[in-house]
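As structure tokens, one chain now follows by itself in the form predicted alone.
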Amino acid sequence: MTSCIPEIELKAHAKVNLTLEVLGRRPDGYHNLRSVIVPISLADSVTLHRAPGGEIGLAVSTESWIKAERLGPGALNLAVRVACLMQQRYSVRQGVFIRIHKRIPIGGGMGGGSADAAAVIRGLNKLWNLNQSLAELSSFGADLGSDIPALVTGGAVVIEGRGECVTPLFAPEVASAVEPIWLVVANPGVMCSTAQIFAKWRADLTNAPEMVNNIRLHIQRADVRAVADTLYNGLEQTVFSACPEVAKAAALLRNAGCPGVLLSGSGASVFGLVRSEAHGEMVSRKLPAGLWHRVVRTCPVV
């Protein structure tokens, strides 16, 4: 059956890692991780238009502060790769024209490219009337990027393995009642290579499943101070040593009054928890104009 939907508009939410444990090296050279990932209100816009003859096209626009040269060639864009592979995997003859407007820092540890890819996966499932389950779409995304399964699933999740094992942090009836937490995200304008960070990483392994349980309880209670005390990223010191600009951005957030500050993913973005939107605006005013930053909230449900 051919879908009659001509166009779909989606939000591709950025994410932050509230915890990130490195559990050990895998036989394939990657590392097993465990991380609590929460989407935030900062989002790219993704629009999918049906295209004839199996054609796949892409147009990307950006906010003025984003360095467009970091996007790379369109043929290598993760959203285009997703569309091509979905055509092959699900034997689709239809095409799509993808429009993306970027607001998420590129290479910033907030899942920008993966968020766009996840939105395309969810959107094409509807546009092309594929009727694939969320579990199947998440599994498909795992072959393309470690953050994609979490962002396809949506909401606050725990990821394990390379990211292919995704578990919602809350049951649906609980998630809908969870209050958002406000934070200030900042990016110093540098890019951190995930591969290079892991190559330099020499910290101790962690294996503390109680960390997930604790942060789940603190988020459910909207206890910002307790969440701040539970934040953890096993890559943080490696990134701070390799990229002093990232360490400086984190220090600026702490000095501006954030009760908890953490690196997101492998960087280069950092975030600071705040007590409220008003507190976030107050922190924002204390940050230098040259440092990109935004006041955002978590989205336990997407």
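In this text the structure is predicted, and so the values were computed from the model without any measurement. Numbers for residues come from their place in the sequence shown, where the first is 1.
Omitted here: the form predicted together with a small molecule. The next part is about that form.
Contact annotation: T206 falls outside 4.5 Å of the small molecule in the predicted complex, judged by heavy atom distances.
Heavy atoms of P180 never reach within 4.5 Å of the small molecule in the predicted complex, leaving it off the interface. Residue contact with the small molecule in the predicted complex: R162 places a heavy atom within 4.5 Å of it. Among residues of the shown chain, Y30 is one whose heavy atoms approach the small molecule to within 4.5 Å in the predicted complex. Taking a 4.5 Å heavy atom cutoff to the small molecule in the predicted complex, the contact residue among S146, Q132, Q87, N214 is S146. Between the small molecule and the residues S176, T194, T167, S139, the one pair within 4.5 Å by heavy atoms in the predicted complex involves T194. Partner proximity in the predicted complex, defined as non-hydrogen atoms within 4.5 angstroms of the small molecule, places exactly one of 30 to 38, 240 to 248, 271 to 279, 57 to 65 at the interface: 30 to 38.
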